[in-house]
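This document opens with one chain alone, in structure tokens, the form predicted on its own.
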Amino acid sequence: MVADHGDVLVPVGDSETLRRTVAYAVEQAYESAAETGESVTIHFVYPARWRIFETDRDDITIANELLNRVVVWAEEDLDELVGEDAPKPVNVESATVGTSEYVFSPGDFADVISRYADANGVERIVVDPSFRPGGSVPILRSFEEELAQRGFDVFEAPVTRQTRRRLPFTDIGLPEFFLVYAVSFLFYLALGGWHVTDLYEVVTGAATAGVVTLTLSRVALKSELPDLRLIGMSLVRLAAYTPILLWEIAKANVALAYVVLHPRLPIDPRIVEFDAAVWGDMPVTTLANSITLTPGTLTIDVSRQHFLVHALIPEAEDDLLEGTLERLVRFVFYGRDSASIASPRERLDDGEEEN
């Protein structure tokens, strides 16, 4: 249940439980206003990600339509609670935030939401349980946890959502189980060179795949069944990325060989820090490994999207901040539109100008 009084903020994103979350927030705000005799304002806030993709007018239109729809829902619920002609003890506001920022992770979304909340004196936040801005992966704190870390009273709306049937001893459903099992079994056969000489190999392969699926299913698949079409497109783009990465490695080898063979040995090691415009386990890991594979640079640490890289020469730092590898990794996992995001150096310059 929402705390006793005060204005309420509801982050908005299209989801199956958004309508019921709005109804819950309105009901709680109305009860709070009735108990205290003071008006309450509900802020419906849409966190945008327009700056990390090439802005599409349709995205802005969809966001505005969603906010307008939410406001209409809230006013309908208020009319049912107090009557159409009665004075409303609850005010409804709506806004879009994050339009000029690079937001990737749940922490980034929490930052833009918290700034709006602080500016409007809001301390209570009601979260739609189906709303997952920035994804939901084990290495990251959830959106709700990020908001709570910033000192807000966070409440998940107690609305039901469609539940998936989960198999015993696993955290995944039947389709996900068969997918992990099939991949494990095929990997077992691949290790044997695809040579199946007797039934024993098939049985041991099936048993091994079963054990792997039961023990590693939560790691292999963290959420719903992945979109095979997107996976296929990512694999195609990864195939195109591989020779480019090899070319970058070759160029870095030549540059490093020149430095090592130079009589003055002009090595100038340094630590480079930047926030990469990639998000999710696989893209972050791919970028970190790509940087390490490139001679002259070594990924020391990664925290969310924050990279700490050792660069042996100034040219290696320049290459990092120009963002060639970062842009290519985005292309692999998110498609062509995301490749146009500003480079790390441009984002750092933007941040310095804003400060």
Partner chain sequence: MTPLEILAAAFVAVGTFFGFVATVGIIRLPDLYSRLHAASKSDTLGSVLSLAGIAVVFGITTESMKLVFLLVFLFVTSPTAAHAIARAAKEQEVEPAGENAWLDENDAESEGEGGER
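Treat the numbers as computed from the prediction; the structure is a model and nothing was measured. Numbering follows the first chain given and starts at 1. If you superpose the two forms and keep the largest set of C-alpha atoms that fall within 1.5 Å, you have the rigid core.
Below, we turn to the form predicted together with its partner chain, even though it does not appear here.
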Inset, instruction - Check each of L216, A207, V260, M233 and return the one that places a heavy atom within 4.5 angstroms of its partner chain in the predicted complex. - result: V260
Inset, instruction - May I ask you to choose, among I244, A182, I271, M282, the residue with a heavy atom within 4.5 Å of its partner chain in the predicted complex? - result: I271
Legend entry - V45, S142 and F177 each touching its partner chain in the predicted complex (heavy atom, 4.5 Å): no
Inset, instruction - Using the partner position in the predicted complex, report whether D318 sits within 4.5 Å of its partner chain, counting heavy atoms only. - result: no
Inset, instruction - Report yes if any heavy atom of T324 sits within 4.5 Å of a heavy atom of its partner chain in the predicted complex; otherwise report no. - result: no
Inset, instruction - Tell me, yes or no, whether S303 is in contact with its partner chain in the predicted complex, where a contact means a heavy atom of each within 4.5 Å. - result: yes
Inset, instruction - Evaluate R69 for contact with its partner chain in the predicted complex, applying a 4.5 angstroms cut-off between non-hydrogen atoms, and reply yes or no. - result: no
Legend entry - Contact segment among 289-297, 27-35, 324-332, 60-68, judged by heavy atoms lying within 4.5 Å of its partner chain in the predicted complex: 289-297
Inset, instruction - Answer yes if the Cα of Y116 shifts by 2 angstroms or more between this form and the one not shown on a rigid-core superposition, and no otherwise. - result: no
Inset, instruction - Indicate whether D153 shows a C-alpha shift of 2 Å or more between this form and the one not shown, with the rigid core used for the fit. - result: no
Inset, instruction - Once the core is aligned, please say if the CA of V260 is shifted by at least 2 angstroms between this form and the one not shown. - result: yes
